[in-house]
Structures are given as structure tokens and as C-alpha cells.
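Consider the single chain below, provided in C-alpha cells and representing the form predicted on its own.
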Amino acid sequence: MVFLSKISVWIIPALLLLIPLWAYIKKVPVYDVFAEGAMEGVKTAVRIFPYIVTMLIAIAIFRDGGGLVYFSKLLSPVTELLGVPVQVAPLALVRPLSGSASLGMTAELLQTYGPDSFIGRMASVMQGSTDTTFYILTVYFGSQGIKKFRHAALVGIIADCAAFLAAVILCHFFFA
């Protein structure tokens, strides 16, 4: 264990040294390739920026306009049937939309109820078991100029629902 902790300190610095060294040995123009990659990254960032801003504004309107509370109440019969605490239900709605908003909600739940509470554990498992489906669709499809992604959205929603259901089942199995 001590050996692994000592090696883990040096892994990243070693990679940062060895990869450019290997490229130099292979006669790859390291600086030029790095600068080219950085330029492509900037172009991608500029290309996806409008999609990110649009998504963040839509999420803020949904949350601040009361849509999150409305949908949480609308889904409360289902969430109660599944045994999802009412405090965690909004996380299930926000997680597919925004990683930062869902992380903020999870942090708030952990601070309020504690990380070892059932609510804290369920929020943590939900946070870790899904991805930000609509954010990913917006950014990745938007960066490539793809405007029709209905099947990808449907598959993403189904995957999110399956992950949330698995999180609920596992939390009840391990923590209830």
C-alpha cells in the first residue's frame, strides 16, 4: 500500500515528461502538434459556446420559473411508490440537464442531511450513476452541427431512467 501511494505521486509528472520525450524521439514536432491541438480546442469552444449558453439559460428558467418544483410534485406519486425521498426527487430531474446544477443540489443535500444519511447516500449514488444527457446532446451534437437527435435523446432518457431506478434499488438494498 505504501508502495502504491509513493508511485501514485509520480505517475502524472512522469507521464507529462515521458509523452513529450517519446514524441521527440519519434521525430514528432511536439510544440507544433500541441499548438495545433490547442487551436482546435479553441475553435471547438467557440463553436459550442452558443449551445452551452442556451442550455444554461434554459435550465435557469426551468428552475427559477418553478418548473422544477412543478415536475417534482407531478412525479411525487411515482417517487413515493419507489421510495425516493422527496428531497432527492428534484435531483433526478436536474441531473440529465446540468452537471453543475445537480452537483450543487447534491452538495446542498449532503450539507443539510449529511453524507451518511439515506438522502445523502441516494443523492450521491444518483449523482454518480448518470450523466448530463441533454448537456451532452447540446454540446456534442451542436459542435458537429447535428440538429436532429431525437433517437439519441430518447435513448439517453431511457438510460437515465434505468440508472435512477438502479440507484434507488441499490440504495434500498444496501442502505435502508
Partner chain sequence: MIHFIWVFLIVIGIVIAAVNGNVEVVTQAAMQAATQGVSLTLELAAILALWMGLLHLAERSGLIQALANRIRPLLHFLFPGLPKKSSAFGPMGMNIAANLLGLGNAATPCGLKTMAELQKINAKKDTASSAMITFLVLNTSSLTLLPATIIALRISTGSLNAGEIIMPAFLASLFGLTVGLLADAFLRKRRQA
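Everything numeric in this text was worked out from a predicted model, so none of it was measured. Take the two forms, find the largest set of C-alpha atoms that superpose within 1.5 Å, and that set is the rigid core. Residue numbers count along the first chain shown, from 1.
A second form of this protein, the form predicted in complex with the partner chain, is not displayed here; the remarks below concern that form.
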Q. Would L170 show up as a contact with the partner chain in the model of the complex if we use heavy atoms at 4.5 Å?
A. yes
Q) Is T106 a contact residue for the partner chain in the model of the complex, using a 4.5 Å heavy atom cut-off? A) yes
Q. Considering only 13-52, what residues come within 4.5 Å of the partner chain in the model of the complex, judged by heavy atoms?
A. L15, L16, I19, P20, W22, A23, K26, V28, P29, V30, V33, F34, E36, G37, A38, E40, G41, V42, T44, A45, I48, F49, I52
(Q) With a threshold of 2 Å on the C-alpha, tell me if A159 counts as moved between this form and the one not shown once the core is superposed. (A) no
